[in-house]
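Let's start with one chain on its own, the form predicted alone, as structure tokens.
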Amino acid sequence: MNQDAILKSLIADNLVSDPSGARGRLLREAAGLFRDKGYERTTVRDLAAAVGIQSGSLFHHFRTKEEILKAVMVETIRLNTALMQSAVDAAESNADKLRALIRAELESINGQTGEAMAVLVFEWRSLSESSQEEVLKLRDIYEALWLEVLEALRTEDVLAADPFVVRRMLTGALSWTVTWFRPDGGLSLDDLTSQVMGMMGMKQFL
């Protein structure tokens, strides 16, 4: 299933907002503002101005500014989990599955959901405890995809290190690419994915 089909399916199931709709446009603009200005410094007026509506109109979609922040995080995790699951399902070997996960996460960080992914990392503490619990449940599903593949590679004696530690290291390394990777810099996301696989000792991917 391609990305458009996955997105349409999630929209049909009311799991994510239609990017072309009012709610979807609001979440996209909110992600950019929260990343650039920070959640606390972004006002309801800022959010309304970004989508060209009156401040009060925001509350037709969300009751509070925090609900907007939570929706940015929740919908981002749902979308990226679905994309990653599809990529894993299409891969045959566990090494191919790992490559698919790395490629998908690099795309999410440096592509269409990059701003929202940054918000997920840097504005986590701005959520209430109950909202954090909700996001964590979704995050656990996302992380389980990685740990299952990494554990399978360790069972095959391809991976020597602890899967949990490997995943934590990969999380930091892949997230940091947003600070230096440029698609027009001569290195594509596929190239970068191959380099990451090579770093893990999988020369066949270089």
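Fair warning: this is a prediction, and the values are worked out from it, not measured in the lab. Residues carry their position along the shown sequence, with the first being 1.
One more form of this protein exists, namely the form predicted in complex with the DNA; it is left out here, but the text below deals with it.
In the model of the complex, the DNA sits within 4.5 Å of a heavy atom belonging to G56. The DNA is not shown here, but in the model of the complex it comes within 4.5 Å of a heavy atom of T43. Put simply, K65 is close to the DNA in the model of the complex: some heavy atom of it is within 4.5 Å. In the model of the complex, the DNA sits within 4.5 Å of a heavy atom belonging to G52. Only one of 164-172, 135-143, 57-65, 148-156 lies within 4.5 Å of the DNA in the model of the complex by heavy atoms, and it is 57-65.
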